[in-house]
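Only one chain is given next, in structure tokens, and it is the form predicted on its own.
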């Protein structure tokens, strides 16, 4: 016995499908925010030390680069 495939959607079949539009908007926003947070983590991870060095180089006593990088 073969099964019939129905193309009709289940549930409320009122005018328009606002629920799915809102759901897709929420899903899109969720994906975008996840993407943005991941990129921000990478930028922060690789940009923090160079930022500290640049700020140190622009300070008042003007240290040399090796003085900034030395542990003493």
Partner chain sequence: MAGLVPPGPTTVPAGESKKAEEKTDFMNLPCPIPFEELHREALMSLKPEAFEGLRFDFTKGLNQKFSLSHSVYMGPTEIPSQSAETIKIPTAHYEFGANFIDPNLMLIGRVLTDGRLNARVKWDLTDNLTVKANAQLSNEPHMSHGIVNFDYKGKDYRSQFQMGNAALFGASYIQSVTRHLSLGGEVFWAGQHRKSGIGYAARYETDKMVATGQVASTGVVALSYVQKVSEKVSLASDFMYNYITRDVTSSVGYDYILRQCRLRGKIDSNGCAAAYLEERLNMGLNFILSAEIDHRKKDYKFGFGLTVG
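Fair warning: this is a prediction, and the values are worked out from it, not measured in the lab. Positions refer to the first chain, counted from 1.
Here the subject shifts to the form predicted in complex with the partner chain, a form of this protein not shown in this document.
Under a 4.5 angstroms non-hydrogen atom cutoff, the partner chain in the predicted complex lacks residue 30 among its neighbouring residues. Residue contact check for residue 24: none of its heavy atoms lie within 4.5 Å of the partner chain in the predicted complex. Interface residue remark: residue 39 is not counted as part of the site for the partner chain in the predicted complex, having no heavy atom within 4.5 Å. Within 4.5 Å of some heavy atom of the partner chain in the predicted complex lies at least one heavy atom of residue 44. Contacts between 43-72 and the partner chain, taken as any heavy atom within 4.5 Å in the predicted complex, involve 44, 45, 48, 49, 52, 53, 55, 56, 57, 59, 60, 61, 63, 67, 68, 70, 71, 72.
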